[in-house]
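Encoded as structure tokens, the following chain is the form predicted on its own, with no partner shown.
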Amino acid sequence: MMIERSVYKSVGRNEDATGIARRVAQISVSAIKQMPVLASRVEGCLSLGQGIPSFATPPFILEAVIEALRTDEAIGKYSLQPGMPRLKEAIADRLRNAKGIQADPESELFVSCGAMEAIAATLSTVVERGDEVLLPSPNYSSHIEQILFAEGVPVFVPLIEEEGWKLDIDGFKNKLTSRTKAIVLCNPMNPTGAVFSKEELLALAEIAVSRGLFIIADEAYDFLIYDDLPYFSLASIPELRDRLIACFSFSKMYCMTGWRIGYMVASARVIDQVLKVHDAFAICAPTISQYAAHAALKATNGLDGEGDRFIKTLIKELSARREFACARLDMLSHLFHYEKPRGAYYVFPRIVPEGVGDMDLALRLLYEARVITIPGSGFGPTGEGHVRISFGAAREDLNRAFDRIEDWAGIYK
């Protein structure tokens, strides 16, 4: 099947930006969002694309919200701008009990419209025009656009793919200039599934402290680690206390992607400033979603609560799906080479046949195999020549999608 050039324009399309601010005209909607839009016009597509777990929001959250809708009229009103006090207290308890992180719920955290809004507000707060922000590459695509929107300059530091997408600490040091303002790091990582070691993170923290840089940590997948690997949070490093801005989410842990609810932890002086942006853009996180988040934490005691049981089941099932996805990729070794993910629910295989671009492959898989994947070039320069595959889909859909890819990939044998 020939792919019309107009298809390419719909992914990286030409736009009329007359009268539009440069900070907006220079950014684009990520391929993560655009590929499902294209797929909506292709009947019967199966998705290995956008990072949406197949699980529904658990009943103990839904029932609590339904009861609040019946009995508590405050659920339909604005909350306090930084978030509902009881939710903030529950978040502080979770950080202390699960991570050993101390945060004053009154002054050192706020509730956001997902981790995405927290990160965007943070970058808009600390990055000035021309400031450089270091990013590992490949990196979550929206972080790149958020930096550009803040009129900063993304500076990419390639990860070491052959070592399981390891951080290149010397690479970070070599990219430092007088304009370097911050480092953005997603751990566990989207799109590669990497989980960075304590040693790697301490070395990165040392760079930030010695150069007075902010580290903006995206820890949306902080619970989703495989093979009993230890997880180390940058938020647990005391020396980073005044330089770290950590952003967390309820989306993945409780399958609440559509509720748009997360939170940020930082020093009180930083929170005060970020809240100015949060107020201007959002006023407050959706109150109904804050009720849902509170119900989630209330059901999670770290031992045997409904929330704990749900999270354990989620991790077990996603671990099984990881093994399944990797086994199917092993059968496609003529098309893909991959590093086994250690966290999150993504694998980021490299395309084996020479001369096959990631955008071309993703579009052909979409239109010819009717399977959604995400072209790797959207995740920074080191993402070129790769595709991102999510194994968050139901097992039946995973199996059917890989069957289609395997049938289609026979052309490369």
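Computed from a predicted model, the values in this text were never measured in an experiment. Residue numbers run from 1 along the displayed sequence.
Just so it is clear, the following notes concern the form predicted together with a small molecule, a form of the same protein that is not shown.
- Annotated contact segment (heavy atom within 4.5 Å of the small molecule in the predicted bound form): 216-224, selected among 216-224, 294-302, 276-284, 67-75.
- Mapping the unseen interface onto this chain, Gly307 falls outside it, with no heavy atom inside 4.5 Å of the small molecule in the predicted bound form.
- Although the partner is absent here, Phe348 is not a contact residue: none of its heavy atoms lies within 4.5 angstroms of the small molecule in the predicted bound form.
- When the small molecule is considered in the predicted bound form, Thr125 lies well away from it, no heavy atom lying within 4.5 Å.
- A residue is said to contact a partner when one of its heavy atoms sits within 4.5 Å of a partner heavy atom; Met116 meets this definition for the small molecule in the predicted bound form.
- Residue-level contacts in the predicted bound form: of Arg322, Arg342, Lys181, Arg260, one residue has a heavy atom within 4.5 Å of the small molecule, and it is Arg260.
- The partner is absent here, but in the predicted bound form a heavy atom of Ser251, alone among Ser79, Ser137, Ser251, Ser289, sits within 4.5 Å of the small molecule.
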